[in-house]
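Single chain ahead, written as structure tokens, the form predicted on its own.
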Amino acid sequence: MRETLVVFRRELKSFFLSPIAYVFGILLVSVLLWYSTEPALQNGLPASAIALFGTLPFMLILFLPGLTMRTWAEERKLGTLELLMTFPVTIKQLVLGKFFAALAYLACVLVLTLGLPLTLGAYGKLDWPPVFGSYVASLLFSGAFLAVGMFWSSLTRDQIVAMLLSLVSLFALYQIGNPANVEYTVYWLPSWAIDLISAVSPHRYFLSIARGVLDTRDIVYFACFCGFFLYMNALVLHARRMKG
């Protein structure tokens, strides 16, 4: 636990010392608020933060690969990964430290969007349980995409390749859970196949939690999804350590 916290602090500090992290955070929050403020403030309609959280998953697809591409690929390019491997820390502790540091950074970015629901709540009647549920769903969804991006980053030393692999895989995961696409496949796929395919996508469970109801099945899904990709990440690093 202590070693994981050391890695966590190191990585979190690197986020806040990196200009790329600030550019990422400012751009993500700006784009989210730009696309969600107008629908949320239309005259005659009840206050709602639906537009904010409806935009978030797709924005994460565009922005997160740029954040996760440096997780391991940059370490390999700079030659610091081999140095990390010599420290008295296990691969599991390295992976978890980096993962939770990136998740904590994203949590800080999400906090910056609180201005919109707080404004809506001050000037209108906002239904807060779905808003709280949406923030929880957003953090879990971000964690799932982080785990995928970190896995791809561990496979290559080229950050651009890692970013492109993450972008394609995250877009595919998003689309197979998109309700519009699920509805379209009803015409040419059996119901069991549709349920099986859509059950893989974090988007489906994001929408479930965003309704304001925390279902333990959704939490278990995100834990298993993140655990699987973090485990695969650890296997890649372990194989690299064995090669020397």
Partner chain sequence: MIEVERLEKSYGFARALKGISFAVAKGEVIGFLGPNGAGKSTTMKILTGYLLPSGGRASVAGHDVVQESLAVRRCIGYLPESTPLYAEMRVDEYLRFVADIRGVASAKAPSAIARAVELCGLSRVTGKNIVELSKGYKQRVGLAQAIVHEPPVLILDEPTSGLDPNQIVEVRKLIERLGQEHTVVLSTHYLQEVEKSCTRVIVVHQGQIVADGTHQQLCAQRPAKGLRVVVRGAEPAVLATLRAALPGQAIDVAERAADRTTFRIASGAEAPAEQQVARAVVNGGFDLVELVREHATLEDVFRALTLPAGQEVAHA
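What you are looking at is a predicted structure, and each value in this text was computed from that prediction instead of being measured. Numbering follows the first chain given and starts at 1.
Note that the form predicted in complex with the partner chain isn't included here; everything after this is about it.
Checked against the partner chain in the predicted bound form, the residues 112, 89, 172, 161 give one hit for a heavy atom within 4.5 Å, which is 89. Only one of 136-144, 81-89, 101-109, 161-169 lies within 4.5 Å of the partner chain in the predicted bound form by heavy atoms, and it is 81-89.
Proximity of residue 1 to the partner chain in the predicted bound form: non-hydrogen atoms within 4.5 Å are absent; the residue sits far from the partner. Residues 238, 240 are the members of 221-240 with a non-hydrogen atom no more than 4.5 angstroms from the partner chain in the predicted bound form.
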